[in-house]
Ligand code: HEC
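One chain comes next, on its own, written out as structure tokens in the form predicted on its own.
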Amino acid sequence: MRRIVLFAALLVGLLAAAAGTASILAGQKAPPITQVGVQVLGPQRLGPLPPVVHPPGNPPSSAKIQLGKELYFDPRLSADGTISCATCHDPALGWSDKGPTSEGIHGQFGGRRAPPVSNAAYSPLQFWDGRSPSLEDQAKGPIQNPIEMGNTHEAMIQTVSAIGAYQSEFKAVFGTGPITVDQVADAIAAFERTVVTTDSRFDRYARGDHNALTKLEKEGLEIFNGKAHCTGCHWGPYFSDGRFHNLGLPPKDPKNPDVGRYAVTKDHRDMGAFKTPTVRDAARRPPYLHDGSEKTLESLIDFYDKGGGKGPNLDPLMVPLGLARHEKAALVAFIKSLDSLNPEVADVKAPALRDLPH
């Protein structure tokens, strides 16, 4: 009975989209739910990620990517040599950290969870509040943030420039001249654009391997697209709309609440709104939400099932869902099918300091 109801709902959506209705009404089988592009499933279909688009001003090369990888894992970019990009964006932790919020220099904690680096190449804006327009711009910020890497750009450049192997590598990639902050950021961003989920069991399913997902995971995909309304925000190959939403989370510090996107736009409609994270590799990086307040996928789904929190400016997409226990379990199973299998995401290991340039 449930499958009949779901099939009917897909027919209604396809009629609304005015695409392919004749064949459906003629009794032909409906297309796979990953290929349905009607409004209820979001403006873009779910599916494998397209190739990364590189900015014209920062074309990739193998030497630049290797240099960026070394800089990404090098704690010497921080003021005291203890914090690297990978400290808060650890490949072993889904390219994020153990949370709930991120620990920087001298044991200081920020107010937000580290967003994942994996697949960040597809995000039009960086940081939870979207204040950076590119990976290159984002890479510069943590270096001089007093509670992250705690350095200055000038001091960081002095450190890198004094390392002989780095001198040779920068010259090979960027030519003669002094090493600059922009070159450091360009190299890191070039490496980060290689951290892309090109292969997961979901991707194999979307490409036509119908045995790549279990029955429970396929049910979870249907619920993700349908009853749970996940594709209201988590749509397209990136599994994110790249936009900003207020989920109604109560502020941890009511006297100094995190205003989110409002700090950038000064638009009252953005008060308490944060960027939609990708669902890809989500099972690898608990806890969840911008403040790490939900510890597990199960508790996160319970949060959404209740319609989010009760704070002001709640996004209208946040509504109670009425999910049954087995539907929640199916959602968890489907999200786990989005774990990357390709080695450039799943198997990257942090090099020891002795293996970095000297």
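No experiment lies behind these values; they were computed from the predicted model shown. Numbering starts at 1 and follows the sequence shown.
Just so it is clear, the following notes concern the form predicted together with the ligand, a form of the same protein that is not shown.
The partner is absent here; in the model of the complex, the one residue of V173, A79, V160, C233 having a heavy atom within 4.5 Å of the ligand is C233. Among the residues A206, M271, L249, V196, the one placing a heavy atom within 4.5 Å of the ligand in the model of the complex is L249.
Although the partner is absent here, R131 sits close enough that one of its heavy atoms falls within 4.5 Å of the ligand in the model of the complex.
The closest non-hydrogen atom of R261 lies beyond 4.5 Å of the ligand in the model of the complex.
Contact check for E192: a non-hydrogen atom falls within 4.5 Å of the ligand in the model of the complex. Proximity of S200 to the ligand in the model of the complex: non-hydrogen atoms within 4.5 Å are absent; the residue sits far from the partner. Within 4.5 Å of the ligand in the model of the complex, a heavy atom is found for none of R284, A330 and S340. Screening 211-219, 261-269, 161-169, 115-123 for residues having heavy atoms within 4.5 Å of the ligand in the model of the complex returns a single hit, 115-123.
Contact annotation for 265-286: residues with any non-hydrogen atom within 4.5 angstroms of the ligand in the model of the complex are F274, K275, T276, P277, T278, V279, A282, R285, listed in sequence order.
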